[in-house]
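Single chain ahead, by itself, as C-alpha cells, in the form predicted on its own.
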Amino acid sequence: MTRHQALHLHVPEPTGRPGRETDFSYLRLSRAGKIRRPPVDTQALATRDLAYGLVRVLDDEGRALGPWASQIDPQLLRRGLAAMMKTRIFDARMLIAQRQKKMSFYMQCLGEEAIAIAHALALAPGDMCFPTYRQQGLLLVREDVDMVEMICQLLSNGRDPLKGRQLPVMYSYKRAGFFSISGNLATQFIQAVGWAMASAIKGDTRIASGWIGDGATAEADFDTALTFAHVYRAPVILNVVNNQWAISTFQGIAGGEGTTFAARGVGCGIASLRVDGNDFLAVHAASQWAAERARSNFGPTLIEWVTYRAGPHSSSDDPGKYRPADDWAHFPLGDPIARLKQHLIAIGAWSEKENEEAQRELEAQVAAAQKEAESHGTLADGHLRSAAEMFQDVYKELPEHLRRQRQELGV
C-alpha cells in the first residue's frame, strides 16, 4: 500500500439529524456526588481526571450529594431560580417581539440559564465578564441592571444606551462587569486573559471570566489565550459552553467526541473542570472554586459546561433542518430550572404554589418592562435613529471630510 493510499481524511459524522434521535452516549456521564473536589491550590496537571469526569451535585431525586455540595443559603438558591425563570420568560417575549418585526435579531439561552446565573452569583463586585451572546443571565440576575434599558438596546430605539450601534443581544454594561459583546468568535478569551493580567500587574483582587462556545475552541484565539493564561498565571476563569451545537454544526466537528474540551486546558498547564451545566449547585460550586483559585493567585481555570441549546441558534436559524424537534427532551442532563425547583421543594424552601405565583409576577414584570421600552420606539413603528449619530463619539473634533458628508445628508 502506498503512503497516499494509507492516508484518509476523517470527517466526523453528525450525531443528530432531522428525524433521528441524537446519540448522547459520548458524554460519559458521572453519577452525582462521585467526582472529587481538590483544594484550590492543586497543581494543574492533577486535575486531569476532573477534565474527563463530570462534576454533578444533584441526583435524580433532587438531593445534593458529594464533596461539591457546599452549603448554600436557600435564599440564594431561590434568587437563582427566580432569575432563571425571568430569563426564560424574557427570552420568550423577546423572540416573539422579533417575529413581530419590532427588532431585527434575537438569541435565546433556552436550556442554558443555570450557567450564567449561578456563575454570576459566585463572582464578586468588580470582577469583569467577557461574555458571548448567550449569557444574558449575567445581567438579568443583577438588581442594578434595568430590564427596560436592556430591551431598549434590543429595539435600537431612542433610549438605547448604545445608540443603535450594536447588534441586538450584544449588550455592553461596564458598570455591571459585562464587557461589550463581539460577534467575532473567541476574541473574548484573549480579552479576558489580558484584562486579568492587567489586574494582577496592578495588584488588584478583581478577576476576569471569559466565555466562548464549543465551536469557537477551533479558533486560534482560544489557544493563544490558554498559552498566555498559563505562562502568566492570569487570574481568569475560562468558560467553554458545550451546548452540543455550533450554529448548525454538531460539536463533534470541533473535536468534542474524541476527547473533552476541558482536556485541552490540562494540556496547556491549566487546571480544568468538566461540569454539569444544567445542575445549578454544581455550576455555583465549580465557579466558586475557580474564582477562589484565581483570587488567591493560584492561576487560571478552564471549565467546560456541558449543557444543551434547546432553541435555535438565533432568530435566523431553523434547527429542524439539522436535528429532531424533540431532541432536548432526550438530553440526559434535563432542564436546569426543573432540577433546581425539584431540589428546593425537596429541602422545603419552595412549593408549587410559590412557583405559580413567581411565574405570574415575573411575567408581569417582563411585560411591563417591554411595554415601557416599546413606548420609546421599535422597528415596527418605523422608528429610526438620527443619521447624525453616526458622526458622533468617533473624533474629538470632526474632520473636514466627515463634516461635508454630514452636511450632504442634511443632519
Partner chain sequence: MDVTEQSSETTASARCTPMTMIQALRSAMDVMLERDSNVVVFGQDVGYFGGVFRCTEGLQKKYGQSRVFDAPISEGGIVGAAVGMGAYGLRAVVEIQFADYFYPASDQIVSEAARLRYRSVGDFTAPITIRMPCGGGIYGGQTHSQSPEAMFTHVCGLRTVMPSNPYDAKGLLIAAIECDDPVIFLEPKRLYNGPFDGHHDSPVIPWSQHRLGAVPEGYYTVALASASVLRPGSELTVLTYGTMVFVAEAAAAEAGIDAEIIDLRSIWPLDLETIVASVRKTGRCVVVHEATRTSGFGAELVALVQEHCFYQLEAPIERVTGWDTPYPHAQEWAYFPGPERVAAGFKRAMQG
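Small disclaimer: the values here were computed from a predicted structure and weren't measured. Residue numbers count along the first chain shown, from 1.
The same protein has a further form, the form predicted together with the partner chain, not shown here; the description that follows concerns it.
When contacts are defined as a non-hydrogen atom within 4.5 Å, none of S315, K321 and H330 contacts the partner chain in the model of the complex. Looking at Y173, you'd find a heavy atom of it within 4.5 angstroms of the partner chain in the model of the complex. Although the partner is absent here, D146 lies well away from the partner chain in the model of the complex, with no heavy atom inside 4.5 Å.
Contact annotation: Q392 falls within 4.5 Å of the partner chain in the model of the complex, judged by heavy atom distances. The partner chain is not drawn, but in the model of the complex it has no heavy atom within 4.5 Å of R99. This chain is drawn without the partner chain; in the model of the complex, the residue among I181, M84, L77, M103 with a heavy atom within 4.5 Å of it is I181.
Partner proximity in the model of the complex, defined as non-hydrogen atoms within 4.5 angstroms of the partner chain, places exactly one of 239 to 247, 173 to 181, 290 to 298, 333 to 341 at the interface: 173 to 181.
For the stretch 124 to 141, the set of residues having any non-hydrogen atom within 4.5 angstroms of the partner chain in the model of the complex comprises only M128.
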